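Only one chain is given next, in structure tokens, and it is the form predicted on its own.
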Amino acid sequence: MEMKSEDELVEEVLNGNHRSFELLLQPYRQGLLNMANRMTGNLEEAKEVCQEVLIKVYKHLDKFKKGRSFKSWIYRITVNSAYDSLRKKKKYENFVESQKKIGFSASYDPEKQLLNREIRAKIETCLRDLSPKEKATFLLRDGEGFSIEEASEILKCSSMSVRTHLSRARKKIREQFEKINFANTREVRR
């Protein structure tokens, strides 16, 4: 049986001979997997990259220029696909990290979500007992992270006034929180 050139195999694949596609790729399969594995650092991810490469090669085989190195062409596709995979992974990791920063987690934990809702409800109850100035000061300083100076500028009062309102607000919230928790523990004991 005579060995066909890569150009001949490409032509046969383009004419519908799927067996020739397998013969065309056979010499490169392991090398492509090794390359993708080294680039991604993860064998499963490398297998996915190689699967993507096979699909791209099959779809775009008509763009391969005869007389050129098929090996170089397929390795370039592999490298680019590995880069794409790494970019997607980085975007995904950045997305997960950003979600964590705003209070969500990648794994949904119903118990944690319920606890967070309960704490938020308790804080809302505590905020109702504050004067408007105390509430605004507390929310600006502890809720939004503004500095004393920034809060005093926003509220158009002295920094000493902000400190006083903040101190009162924190004290009232602490006392309210203790009352709520004490009442809840008494109900659980009954």
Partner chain sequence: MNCRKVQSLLPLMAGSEIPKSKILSLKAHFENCPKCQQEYDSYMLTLKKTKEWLAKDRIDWEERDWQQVLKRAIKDKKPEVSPLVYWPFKKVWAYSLLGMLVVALTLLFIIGPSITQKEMGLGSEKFTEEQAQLFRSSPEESEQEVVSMTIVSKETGLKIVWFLNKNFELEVKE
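Positions refer to the first chain, counted from 1. Superpose the two forms; the largest set of C-alphas matching within 1.5 Å is the rigid core. For clarity, every value in this text was computed on a predicted model and none was experimentally measured.
Below: the form predicted in complex with the partner chain, not depicted.
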Among S158, S131, S69, Q51, which has at least one heavy atom within 4.5 Å of the partner chain in the model of the complex?
Q51
Is there any non-hydrogen atom of I154 lying within 4.5 Å of the partner chain in the model of the complex?
no
The partner chain contact at E144 in the model of the complex, heavy atom, 4.5 Å
yes
T40 versus the partner chain, in the model of the complex: is there a non-hydrogen atom within 4.5 Å?
no
When the contact criterion is heavy atoms within 4.5 Å, does I119 count as touching the partner chain in the model of the complex?
yes
Residues of stretch 51-79 in contact with the partner chain in the model of the complex (4.5 Å, non-hydrogen atom)
Q51, L54, I55, Y58, K59, D62, K63
State yes or no: after fitting on the rigid core, is the Cα displacement of I123 between this form and the one not shown at least 2 Å?
yes
Could you check whether the CA atom of Q51 moves 2 Å or more between this form and the one not shown, using the rigid core for the fit?
no
Has the Cα of R19 moved 2 Å or more between this form and the one not shown, judged after a core fit?
no
